Each structure stands twice: as structure tokens, then as C-alpha cells.
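Below you'll find only one chain, the form predicted alone, shown as C-alpha cells.
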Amino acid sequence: MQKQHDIVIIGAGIVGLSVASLLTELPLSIAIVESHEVPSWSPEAYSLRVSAISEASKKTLAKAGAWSAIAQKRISNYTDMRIWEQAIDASESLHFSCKDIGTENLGSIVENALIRAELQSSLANSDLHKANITWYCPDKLSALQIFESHAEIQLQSDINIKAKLVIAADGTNSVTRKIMHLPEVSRSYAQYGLVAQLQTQKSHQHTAYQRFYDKDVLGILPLANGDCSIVWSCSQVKAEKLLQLSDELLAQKVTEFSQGVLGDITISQSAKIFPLQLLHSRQYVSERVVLCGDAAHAVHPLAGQGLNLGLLDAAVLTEVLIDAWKANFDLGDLSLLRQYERKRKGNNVQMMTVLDSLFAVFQSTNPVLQQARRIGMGLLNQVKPVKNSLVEQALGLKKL
């Protein structure tokens, strides 16, 4: 069966749906190919996977028509962040506060399923949108051929689609990237992330916590119902052992590792684990194909920047495409797509380098380096201009 569209988006995750929503101001025929149904969101139960959304990402989601509905349903703004290794009240610990940079908060903790649900809702209720959206779901990309004037996409359902442009937002294991043989740099962090939801004895007070110790990183994120979400990055062996523990024993381990910063802990939603890896595609674009989000890059979750980088990709890519369409340019032209690559690749590489370096520093068992990093955190905490600059970069208020 032959179909024709202007743009085909492979992947209906947050980044792919954001791209689709941002492009609906144009009278385009847009196809979305997704292998799984978009997860539902329930107001009764929290979703396990959450993200820290920066101010820059909020603006992108607002432009996509989703942020207002997200904010009305369930978000948790956090005003402070505390980072430590030996003790949270030690001179070497770090404290970031929104008051220091004159903002209302440092970001918002939001369930990934809620973001996807509201982006999908925005697409479905697009009375003011000009684009025509067609879903191929569940379906998968099986082949991709590039011609001078178009791309041909073969789906597993035997549907063949002709399009001017293919946007790959199909995640770290991007089928599109592999079919196009785009070179990549990737390596495992030799760690897994364990996520769970907790009830805590003490109030989180809208504060995010992060402890580095003995090669592990524990992030504790505040939720709107008073609970907290955790991401515990550790070796695969340790993650699997933690996953096998009863909720009571796991809660005890989290309480111990966090040094009881929030008092006694109970597990309110059982844990899951997932592998962590570094990935960067050496090319974001080729003729009539462009990568964005995790299809182009993946980072360690220690600073919560993965999704924010992907949403910046979506914002920049759609700006380039909208300007090109208004100028009557071919949306799949390689020279056009390279504008997006130039605008995003450098910033992504800088952020990935910073995060990878931080990971390496906190993984070191060298006692001299361990002492140096503790002293460094203490010094950074005292130099407010530098510390505040780091916060502004993380929020997307300032470029690297």
C-alpha cells in the first residue's frame, strides 16, 4: 500500500511528539510511526519514570500546546538542590537555590507519561492547527531508501510511504540511524539506573537531593503528592541485587545511602532498572534524514539533562523547518538540515563532555582525586557567580 506525506516522524516519545506538535502550524501532511501505544496517564497513580524539566523545556512544551495542561494536572516545582558525598551538612557539600538566580524555581519534576499524554492530546485536539496528522501505530520501520526528490519508508505492515523528510526520534537504539549507517560513538557506563517511588518521614520541602559515594549516584526528586522519586545509578550486579530485595529491605538501603536525609523511607511503587550508556551520533543528518533526541545522543542521568537536550533539539529543528517552508525550500535538503546540526551538535557535545567528565571524577577511587573533588565542591559553593552560572546553563537560561 502506497502512502504519501510531507514528513514522517519515526518514534512517538516526548521528543517525536514535540516535533509533530511544533510543526502543526504549517499545512503539512505529517506521519507518526510508533511501535507501541503511547502510555496512558492516570491521575490516581504516579508513573515511575519522571524527568526534571528546565525553563527552556517548559517554553518548548508550551509552544507545543502541552505545558498548560501538564501544569494544571500534576507537577512538582523544586526550589533547591543539595549535592554531597560525605555529609549533607559538610563544608564540601553543594547547595543550589532559585533565590540565588532570581527565579521562582530550579525546574519541575513531571511524569514522562503525563508529558506524552498531553502532547498526544494537543495533536488530537488541533482545531487551530493546520497540519494533517496520520498515525501508523503500532508499526515499525523496516527499510528506508533515499532518492533525489524523496525518501521511501517501508513499514513492517507492508505500507510504503513517500516523504520529503524523515525525522528519527526513535531512541538510543534508533533503527533509522542503523539503517542509514550513521557513525556513532557509544559505550556503556557499566551502570544501571534503579527507579522507584518513596514515601518519606520528613517533607522534601521542594528540594532535590543527590549523593555521590563509592561510584554510586543517588538522586531523590520531590513529587507533588509529597512522595519522592529516586534514580540510583550503580553497577549492574548491584542494581540487580537491589531489585531482588523486598520493598522493606530496599527502603532500608535507600535510607542508609541517603544518610537519612528524609528520615525513614517506605517504598510506595516497586523498583525497575534500566541500562545507562553514552551515545553520540557523529552525524545528525544525511540527505532527507535527521536525528533528534536520544536517537542522536544519550547521557548519564546524573544531572537530569537528557530530555532537556532532546527538547532543545525539537525546538531548533522545527524552527529551521518552519523558516525553510516559509521560504519555499525543500524540507529534506541536506544543506538545510545541516543548519540544525550546526546549531545543536556543538552544544550537545559540550554538555555531554561536562557530564562525562563529572561521571569520571566521581567514579575515581584515587584518594587524592577524591579529596580534591570534595574541596572543589566546597569552593564552588562559596563562589556564587560561578555556581549561579552553572544553574542558569542547566535551566537553559544561558548557553554553555
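Numbering starts at 1 and runs along the sequence shown. Keep in mind that this is a model prediction, so the values were computed, not measured.
Missing here is the form predicted in complex with a small molecule; even so, the following discussion is about that form.
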Query raised in the report: Does the trio H5, K130 and F329 actually contact the small molecule in the model of the complex, every residue with a heavy atom within 4.5 Å?
Result: no
Query raised in the report: Is A169 one of the residues lying within 4.5 Å of the small molecule in the model of the complex, judged by heavy atom distances?
Result: yes
Query - 4.5 Å heavy atom contact, G107 to the small molecule in the model of the complex - result: no
Report task. Please run the contact check for H36 against the small molecule in the model of the complex: heavy atoms, 4.5 angstroms, yes or no? Result -> yes
Report task. Find out whether any non-hydrogen atom of V195 is located within 4.5 angstroms of the small molecule in the model of the complex, and reply yes or no. Result -> yes
Report summary line: Per contact check vs the small molecule in the model of the complex (non-hydrogen atom within 4.5 angstroms), the hit among 268 to 276, 212 to 220, 246 to 254, 320 to 328 is 268 to 276
**Report entry** Contact residue in the model of the complex, chosen from N348, S51, S47, T60 - any heavy atom within 4.5 Å of the small molecule
**Finding:** S51
Query - Contacting member of H204, R288, R116, R177, with respect to the small molecule in the model of the complex [4.5 Å, heavy atom] - result: R116
